[in-house]
Every structure is written in structure tokens, then in C-alpha cells.
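We begin with a single chain expressed as C-alpha cells, specifically the form predicted alone.
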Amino acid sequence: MDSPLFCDHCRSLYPAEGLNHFELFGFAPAYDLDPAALRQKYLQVSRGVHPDYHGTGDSSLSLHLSAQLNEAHRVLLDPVLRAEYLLELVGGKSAKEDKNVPPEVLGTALLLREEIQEAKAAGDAAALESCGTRARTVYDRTLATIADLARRLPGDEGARAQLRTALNSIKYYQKLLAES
């Protein structure tokens, strides 16, 4: 059996109860993930649980598994969501439990947001592009920090707390990128 969700020979489906997103695809939980391998495995497993493959059998289970696979693929494909998920798997605090963001992140985000609004109001494409470049720079730097911390999981509580703070911070930069 190539997947914990179905049998290649008899086409039986198995519920995904207790399996995390990584296990659905047969991967060990880790931050570093080959997107091409994920896509290949996603397509393979999706075909195996697809309602058309199972005909009129247990279509409700098939639909449920397909939805779980889609969500797992979405989360694992995105490096920020993957880090969030890994943090959750090792018992780290959620964004609701810990909203900590360093003051310098708030200051940078506020300043950039004001500059973006001014550039838009003035119709200054060059200034808007400059703001976007600066937002991309701090986003990329924060994403590199997230990647480094996520690779160290499960880590100690201090590393998990630093990762939570970095994940909280990157949301500000994601919003700025969307605005610029």
C-alpha cells in the first residue's frame, strides 16, 4: 500500500483519523519539503481517494479524504503555513495564545504602511515600488528566520517562542506586500 488512505489492490478507503498532514502523504514532519515531491504525492494520493475512482461506494469518505488532502497540500506547500503547522504539532503556542510581536516590527510596518498610502495617494509609482521592495526585503528576512527556527523543531520552549514571534511578525509584512 503506497498510501495510508487506500489499498491499491482492493480499492478500499481508510479514514485519516489521527494522521497529520505530513503522514497523509507519507512524509516525516519536517520544514524542508520538496514541492515537486509533494505535488507528485498529492496527485497520486488524490487519484487513489477520488470519488470517481471508487464509483458509487463510500463517496462520503472519499469526499472527506479529498477535502483533507486538499487542505494538507495547501498548508504544506506554503512555507509560513507549514512552519505554523509544525509548531502546532510540537505543542507550540498558537497565534491566539501568543500575540507577541517585537516593537520594531510594529514600527517598521506602521512606517511602511504610511509610505504606501502616501505613494498611492500621490500616484507615485516609483515610491510605491520602493515600498514594495522594502516590504519584500523584511518579509524575506523574516521568512529565513522562520525557516531556520522551524528546522530546529521540536526544539526547546525558547526556540518555539521565537518561532511564534517570527510567525506573528511575518503577517504584518504579508499585509504590506498585498498593499504595495
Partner chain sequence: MAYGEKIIDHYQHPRNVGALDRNSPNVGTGIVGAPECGDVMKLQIMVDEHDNIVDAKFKTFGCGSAIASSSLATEWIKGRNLDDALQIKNTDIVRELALPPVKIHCSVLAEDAVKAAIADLKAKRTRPSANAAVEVAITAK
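Numbering follows the first chain given and starts at 1. All of these numbers come straight from a predicted model, not from anything done at the bench.
Not pictured, yet referred to below: the form predicted together with the partner chain.
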Check: With the partner left out here, if you bring back the partner chain in the predicted bound form, are Lys93, Thr142 and Asp156 all within 4.5 Å of it by some heavy atom?
Finding: no
Note to self: At 4.5 Å between heavy atoms, is Tyr172 in contact with the partner chain in the predicted bound form?
What the structure shows: yes
Next item on the list: Although the partner chain is absent from this view, report whether Ala67 comes within 4.5 Å of it in the predicted bound form, heavy atoms only.
Entry: no
Note to self: Within 4.5 Å, heavy atoms only: does Leu43 come near the partner chain in the predicted bound form?
What the structure shows: no
Note to self: Test of understanding: in the predicted bound form, would Leu111 fall inside 4.5 Å of the partner chain by heavy atoms?
What the structure shows: yes
Next item on the list: Among 146-154, 111-119, 44-52, 25-33, mark the stretch whose residues have heavy atoms within 4.5 Å of the partner chain in the predicted bound form.
Entry: 111-119
Notebook entry, point to check: Which of the residues spanning 129-165 lie within 4.5 Å of the partner chain in the predicted bound form, based on heavy atoms?
Noted result: Arg134
